[in-house]
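First, one chain by itself: the form predicted alone, in structure tokens.
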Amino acid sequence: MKNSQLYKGSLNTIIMKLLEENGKMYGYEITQKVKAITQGELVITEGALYPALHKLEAEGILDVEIEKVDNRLRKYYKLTEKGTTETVNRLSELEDFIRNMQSLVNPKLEF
């Protein structure tokens, strides 16, 4: 993951946004979606993803559904009602952060 420290603080929000858009997803699907969207620039490892998913589940933000797929059990994650509300809040915070960083990195010259 390039600049992993920069992305680390946003991982939960990334997961929540993907689940908001896609309804329910399983872990590997989340990693592949992020990789595709960022054209390989951001690669989320299982070591980062699963602890984040478990934490979000423990916080009541995610629900888990287990389905049998090709004779294997697959865990699907989806947002709870609380998770849907929290996603809106976190996206708003992230947008504010990005806007502030943009102002700091590329300050507009005023005359």
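Keep in mind that this is a model prediction, so the values were computed, not measured. When you see a residue number, it is the position in the sequence shown, counting from 1.
Another form exists, predicted in complex with a further copy of the same chain; not displayed. Remarks below refer to it.
Enquirer: Would 34, 41 and 96 all count as contacting a further copy of the same chain in the predicted complex, using a 4.5 Å heavy atom cut-off?
Expert: Yes, all three are in contact.
Enquirer: If we define contact as a non-hydrogen atom of the residue within 4.5 angstroms of the partner, is residue 101 a contact of a further copy of the same chain in the predicted complex?
Expert: Yes, residue 101 sits close enough to a further copy of the same chain in the predicted complex that at least one of its heavy atoms falls within 4.5 Å.
Enquirer: Taking heavy atoms and a 4.5 Å cut-off, does residue 24 contact a further copy of the same chain in the predicted complex?
Expert: Residue 24 lies outside the contact set for a further copy of the same chain.
Enquirer: Examine residue 88 and determine whether its closest non-hydrogen atom to a further copy of the same chain in the predicted complex is within 4.5 angstroms.
Expert: Residue 88 lies outside the contact set for a further copy of the same chain.
Enquirer: Does anything in 14-31 come within 4.5 Å of a further copy of the same chain in the predicted complex by heavy atoms, and if so which residues, in order?
Expert: Stretch hits, in order: 14, 17, 21.
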